[in-house]
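The form predicted alone is given below as one chain in structure tokens.
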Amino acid sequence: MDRLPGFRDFYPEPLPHKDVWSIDARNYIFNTWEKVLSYYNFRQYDGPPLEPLELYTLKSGEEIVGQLYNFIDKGDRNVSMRPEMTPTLARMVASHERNYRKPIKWFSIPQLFRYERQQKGRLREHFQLNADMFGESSPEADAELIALLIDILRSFGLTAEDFVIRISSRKAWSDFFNAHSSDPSKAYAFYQIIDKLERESPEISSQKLAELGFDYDEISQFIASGTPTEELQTILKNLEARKLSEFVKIDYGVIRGLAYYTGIVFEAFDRKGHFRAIAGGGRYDNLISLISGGKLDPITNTVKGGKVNMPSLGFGMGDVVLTELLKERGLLPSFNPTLDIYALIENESLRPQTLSAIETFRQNGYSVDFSLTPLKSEKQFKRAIDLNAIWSFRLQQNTSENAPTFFIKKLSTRQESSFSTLQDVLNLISSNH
């Protein structure tokens, strides 16, 4: 029976063939993410993989339903597998933000699900790092988040020749709109068109913009100019102070759903153009108010009401594109599993004492394996080699004494030592570990 289309099996190394996914590579990516996030004092959280459907339509509109794994559950509730983590996070923060010092800096690595067409870098499930900050409106927070993204990518060995963070601004687009239109009722339709510039043909976009009184060529020139706003200047100076300027550029062509974002938006791109965006995010100051009962005014892009009003920003980075990028650049390390000790049982009468020794080794933090059933000595030794064991261990009955002799062999040198106590064996291993 095959797995469902768009889903993955993760195998331990060595892999059966090159086209399957490695659990060791996945753990390496997760561990690297977590290490860098700890440097920035981000704390981990998690939430349920199943949520009310309304949580996602509230943020993204009814059109998102076609991309979801949604159904009516046995309690007659309309629910969905989570396609993203931010709405769950917003719900959690809105419920208990008073219990946490500001700014709140949290991260999660959820598995997400979307029912959509498969293509390079996009499957129907993936794991995604989400790093978010709440309670800080200063552009310094945006710079901190962008610096975090840069340092995460650098931690994998990627350089400024491999990726660039393209930064844009909702405020810049708002200023453009206000300079070219005096009718705020057109704002929502305008941003909807701008949101789809990269997905629709220039002819269609040009026609739609003309109906609102905007010139497509003028918008193209605005995107190409890349003149930074005051808040963007602040962010650029902050990143320059960190010596990170070579990793960023202003690019108003980065849209990322301007009807949702309220400030700075950014995306990380492979400079060679072989992959989809590596990561993306921005400021979404309306979401907490919206989740906590507020109503969005699409004309002013503000939320009225809501029990909690809190500035928010964050980014997401999926494991699929990142893994493919690291593979192409030769930056995934080799995963050669090793075993500390392989215990040989050459005399079945000594199995109970060997099991006791194995338990002691494990209690002292060493990985140990052995044959669960009787096996010839040479086959056990071959198994130790196959498992890339560092040491082999065996007991031998001492005919002159009741206690057995403990033998430990360093497999790389084939040098074997014998001891009268297990503690002596532990001391040798510890001094060479």
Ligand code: HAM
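All residue numbers are counted from 1 along the displayed sequence. Owing to the predicted nature of the structure, the values given are computational and were not obtained by experimental measurement. By rigid core we mean the largest C-alpha set that fits within 1.5 Å across both forms.
The same protein has a further form, the form predicted in complex with the ligand, not shown here; the description that follows concerns it.
Taking non-hydrogen atoms only, Phe315 approaches the ligand to within 4.5 angstroms in the predicted bound form. Proximity of Asn130 to the ligand in the predicted bound form falls within the 4.5 Å heavy atom cutoff. Although the partner is absent here, Arg91 is not a contact residue: none of its heavy atoms lies within 4.5 angstroms of the ligand in the predicted bound form. Among residues of the shown chain, Leu232 is not one whose heavy atoms approach the ligand to within 4.5 Å in the predicted bound form. Interface residue among Val164, Ile358, Leu123, Leu197, judged by heavy atoms within 4.5 Å of the ligand in the predicted bound form: Leu123. The contact residue chosen from Glu348, Glu116, Asp215, Asp175 relative to the ligand in the predicted bound form is Glu116, the criterion being a non-hydrogen atom within 4.5 angstroms. Heavy atoms within 4.5 Å of the ligand in the predicted bound form are found in exactly one of 317-325, 91-99, 147-155, 335-343, that being 317-325. Each of Thr86, Tyr261 and Ala279 places at least one heavy atom within 4.5 Å of the ligand in the predicted bound form. Taking the ligand as it sits in the predicted bound form, the stretch 2-30 never comes within 4.5 angstroms of it through any non-hydrogen atom.
With the core held fixed, Glu125 shows a CA shift below 2 Å between the shown form and the other one.
With the core held fixed, the Cα of Asp195 is displaced between the shown form and the other one by 2 Å or more.
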